[in-house]
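In the C-alpha cells that follow, the same protein chain appears in two forms, which are kept apart as structure 1 and structure 2.
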Structure 1
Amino acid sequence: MSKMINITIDGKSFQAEEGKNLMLAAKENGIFIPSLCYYEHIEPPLGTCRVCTCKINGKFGPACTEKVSEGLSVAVNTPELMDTRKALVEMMFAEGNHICPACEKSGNCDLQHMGYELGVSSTRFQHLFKDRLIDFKPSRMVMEHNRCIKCMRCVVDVTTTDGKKVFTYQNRGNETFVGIDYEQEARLTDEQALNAMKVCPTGAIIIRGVNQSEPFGDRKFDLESTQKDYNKKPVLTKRLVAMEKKMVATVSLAGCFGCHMSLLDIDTELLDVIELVSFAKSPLTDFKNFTTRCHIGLIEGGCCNSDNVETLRLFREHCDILVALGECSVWGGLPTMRNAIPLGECLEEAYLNSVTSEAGNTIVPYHEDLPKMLDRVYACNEIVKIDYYIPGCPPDANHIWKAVKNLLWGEEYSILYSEFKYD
C-alpha cells in the first residue's frame, strides 16, 4: 500500500495516498474540483481545458496534472478561483456554437454539466458564432465542430486495434480544429466508435444511429449534482408578513412562447399568484402600453428585428428588474443558428427556392410595415442591461417562480439541480 501523506485543501487537513492525482485525492475527501478534459485513464492528464485551475502551493495551476505530496497546500473554493473557473466555462460556450436544446448529447454533455455545477446562467463574453464545419465524410460518425472544445481527449485516447490514431489537431491558435483520418476511422470497431463518442465531453463526435437513446430523467446529468451542497440555501416555509402586491410585465420577443407556457405550468398555483401580482403590459392582458412602472419585467426571446430591440428598450425603461427568461433571451437560443449564415441566404431559401414556391413569381417580402431584420440574432444582454438570467428551453416552472418571488419579495429559496437546465 502506498504511503499516506498530509495535504491541506482550503485550510483543512486531509490524508491522501502519496503520488495520487490531486483531482482524485480531493474527490476521495469530498472536495469537488470541476474539470472537463480530465479523464481518469488518460495518463499523463491532458491539462488542456484549465477548468480545474486551483492555487497549488501559492501558484495558479491545473489540479489534474498535479500529484499530491507531503504538505501540499491547495486553495479550491476562493471567490477568485470560483469566478475564474466559471469564466473559463463561459468562454467555451462563447467560443463554440453550443446550442443545448438542439444537441443530441444534451443531458450527457460534460460541458453542460460543468455549466450546471458552476451555476453558469449566462456568459460575460460575446459569442463568436463562427461558421464551423459539420463533417459528414467519416463513415461511422459525424464530426460536429460547432461543439468541439479542443480538450484533446479524442486525439490521445481514440485508436484503432493496431494502435493507429484517428484524430489529430490541425492548424494553430483560434483556427485549431480536430482533424480526422477517415481511413483509420473506418477501421474502428463498433465498440471503439461508441467509445469515441463517450470520450468526447460534448456532442462533437456523434455516432450514426445512436441518437437520443436515453429519455429525460435517465440521462447522466439530469438529476444528481456532483456536489453535496449544490446551491444549498435556507428555504422559508412560512411567510411572516403580508406580501405587497407587485406589478409584473412580460413579453415574447424572438422566442417560441414556450417560456410563457412554462409560466402557466404552475397550473392552479396561478390562482394564488394572481393574488400577489398584477400583470401590466403582457400577452396575458390587453394593455398595450406601460400605464405604470413595473417591479419586474420577464423577457422571453432574443432580438431578431428592430421591433424586438425597441420593445426590449421599452421594458428596460419601465421595469425596475429585468429578467431574461429562457435560452433565446439568455444566449440567443436556437434562432442563433442563423448567425453563421448570411441573412440573404435564409430569405432566398424560404421565399425563392422553396419546394412550393410559385414558378417565375417569387419575391422576398419587403414593406414599410415590416420591421427591419437584424444582421443576426442578439441575446437580450447585448441590447440592454439584464438583472437576472433564467436559462432553459423552457426553464422549469418552479425555477421561474422561485426566482421571481426572490426578486420581488426577497424570499429565500433553493433552485434544485434538477430545475437548473439549458434544454
Structure 2
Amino acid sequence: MSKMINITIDGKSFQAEEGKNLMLAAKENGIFIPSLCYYEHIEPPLGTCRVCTCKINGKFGPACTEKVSEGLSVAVNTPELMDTRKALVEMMFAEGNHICPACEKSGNCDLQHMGYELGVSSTRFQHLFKDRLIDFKPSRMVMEHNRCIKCMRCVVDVTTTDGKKVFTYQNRGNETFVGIDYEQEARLTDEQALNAMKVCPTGAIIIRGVNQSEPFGDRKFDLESTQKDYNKKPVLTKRLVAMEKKMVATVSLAGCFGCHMSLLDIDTELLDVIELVSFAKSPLTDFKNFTTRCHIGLIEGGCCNSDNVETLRLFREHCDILVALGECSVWGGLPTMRNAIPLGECLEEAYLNSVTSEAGNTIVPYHEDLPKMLDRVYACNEIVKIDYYIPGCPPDANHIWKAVKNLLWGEEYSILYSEFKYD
C-alpha cells in the first residue's frame, strides 16, 4: 500500500500518495490546475505548455513534472499565477491562427476549453497572423500548422505498431514545427490514426473523411466546467431601484450580422428591452446618424476598409461605453482568414480568378467613392479604445443581454458556462 503524506495547497492541508504526480494529487482533492500538454499516461510528463505553472515550495514551476512529497507546499490560485496562466493561453491564441468557428475540433478542443476556464475574452497580445503551411500530403491526415501549439503530445505518443515515430519536431526556436513522416503515417491503423487526432489538444491533426462535427450539447466542453464553483456569482432576482431608460447604438462592420441576429433572439427579455432601452443609430432602427449621445455602443465586426474605421471612430466619439460584441470585433474573427495573404492576391482572387469572375475581366473595381480596403482586417481595439468585450460567434442572446444590463445599471449577474462560448 502506498504511503500517504501531507501536502498543502493554497493553505489547505491534504493527504496524497507519496510520489504521485502533483496534477493528479490536486485533482483527487478537488483542486483544478489547468494544463494543455499533460496526459496521465505520458511518462515522464512533457512540461512544454507551462499553463500548469504553480508556486511549489516558494519557487515557480510546472505542476505536471512535480511528484508530491511530505510537507510539499503549493500555491495554485493566487492572482499572480492566475494572470500568468491566462497570459500563456492568450499568447497561444495570438501566436497561431485559431479560427474557432471554422475548426472541426470546436467544442472538443482543449485550448478553446482552457480559454473558457481561464476567462479569456480577448488577448493582450497582438495577433501575428503568420502564413503557415496546411500539409495535405499525408495520405490519411491533414496537418493544420496554423492550429498547432507545439505541445509535443503527438511527437511522443503517436507511433506505429512496431514503435516507429510518426511526428517529429523540425527547425528550431520560433520556426519549430511538427513534421510528419509520410511513410510511417500511411502505416497507422484506423484506430491509431483516430487516436492521433484525439491526442492533439487543438484541431491541428485532422483525419480525412472523418466528420467531427457534433451538435451543441454533445461536444466534450459544451455544458460543464472542470472547475468547482465555476464563475458563481450572486444573482439578483429583484430589481432594487427603478431603472432609467438608456440609449443604445449598434453597428455591424466587417462581419456576418450574426451578433445582431443573436441580439434579437432574447425571447421574453425583449419586453424588458422595449421598456428599458431606446435605440439610436442602429441597423435595428435604420437610423443613419447619431441624434443624441448614447450610454452604450455595441460594435459587431472588425475593420476591413476605411468606412469601417470612420464608423468605429464615430461610435467612440458618441458613446459613453463601447463594447466589442462577437469574435470579429474582439480580434477580427473569420474575416482575418485573409490576413496571412497579401491584399493584392486577395483582390485578384476575388475579382479576376474566382469561379464567378466574368471571362476576360482584367480590372479590380476602383472608384473614389468606394471605401478603401485595408492591408488586413483589424480588431476594433486596434483602432479605438474598447471598454468591454463580449466574445462568441455569435454570443448567446442571454449572455449579451445580461452583460448589457450589468454595464448599464450595475446589476450583478451570473453567466452560465454553456452561455460563455467562443464558437
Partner chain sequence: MNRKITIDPVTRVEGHGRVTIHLDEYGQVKDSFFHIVEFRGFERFIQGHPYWEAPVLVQRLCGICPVSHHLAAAKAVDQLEGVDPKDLSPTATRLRRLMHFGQIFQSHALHFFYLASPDLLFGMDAPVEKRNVIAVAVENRELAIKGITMRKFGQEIIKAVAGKKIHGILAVPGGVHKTLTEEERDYFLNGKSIENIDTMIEWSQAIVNFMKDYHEKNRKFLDEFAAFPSGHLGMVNDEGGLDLYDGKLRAIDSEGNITLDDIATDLYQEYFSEAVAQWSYMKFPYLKKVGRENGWNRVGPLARMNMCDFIPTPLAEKERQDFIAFTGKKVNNSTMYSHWARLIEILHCAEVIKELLHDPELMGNDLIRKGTPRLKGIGIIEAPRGTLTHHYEVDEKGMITRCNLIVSTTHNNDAMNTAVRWVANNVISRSGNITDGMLNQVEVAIRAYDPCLSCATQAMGKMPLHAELYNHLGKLIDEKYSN
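Please read these numbers as outputs of a predicted model, since none were measured by experiment. Numbering for residues begins at 1 and runs along the sequence of structure 1. Here the rigid core means the biggest group of C-alpha atoms that line up within 1.5 Å when the two forms are laid on top of each other.
The form predicted together with its partner chain appears here as structure 1. Shown in the overlay between the two structures, fitted on the rigid core, is a CA shift at residue 191 smaller than 2 Å. A movement of the C-alpha atom of residue 275 falling short of 2 angstroms is seen between the two structures when the two forms are aligned on their rigid core.
With the core held fixed between the two structures, residue 365 has its Cα displaced by under 2 Å. Aligning the rigid core between the two structures leaves the CA of residue 354 offset by 2.6 Å.
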